[in-house]
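Shown below, as C-alpha cells, is a lone chain in the form predicted alone; questions about how it binds or moves come after it.
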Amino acid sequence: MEGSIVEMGKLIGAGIATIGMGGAAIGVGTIVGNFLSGALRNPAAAASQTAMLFIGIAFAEAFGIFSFLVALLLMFAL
C-alpha cells in the first residue's frame, strides 16, 4: 500500500511538472505572433529583428525542456 502511494505521488508530480511545456508553447506562440504583427507594420525593420526572434524562441523552449526533464526525473529517478 505504501509503495503505491509513493508511485501515485510521483506520477501526479510529473503531470503537474508538464504544465510548463504548455506554458512554453503559449510563450512561443506569443513571441512569434508579436513578431509577425510588428513585421507587418514595419517590414523594413523585420530583417534586423529575426535574430532576437530566434533567441526569444530558444529561451521559451528551454523552459519547456526543463519542465520535461523535471517530469522525467520525478517519474524515474526518485
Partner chain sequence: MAAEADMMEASGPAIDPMHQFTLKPLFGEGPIHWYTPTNATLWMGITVLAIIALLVFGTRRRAIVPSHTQSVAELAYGFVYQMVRDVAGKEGVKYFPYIMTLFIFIIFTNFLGLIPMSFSVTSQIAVTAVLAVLVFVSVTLLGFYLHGVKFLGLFWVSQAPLALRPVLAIIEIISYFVRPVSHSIRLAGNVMAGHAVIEVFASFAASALIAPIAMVGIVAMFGMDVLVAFIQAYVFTILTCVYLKDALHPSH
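Positions refer to the first chain, counted from 1. This structure is a prediction, so every number in the text was calculated from the model and none was measured.
Not on display, but discussed next: the form predicted together with its partner chain.
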| property | result |
| --- | --- |
| Partner proximity in the predicted complex: A25 to its partner chain, non-hydrogen atom cutoff 4.5 Å | no |
| Its partner chain contact at L11 in the predicted complex, heavy atom, 4.5 Å | yes |
| Contact of A51 with its partner chain in the predicted complex (heavy atom, 4.5 Å) | yes |
| Residue contact check: I19 to its partner chain in the predicted complex, 4.5 Å heavy atom | no |
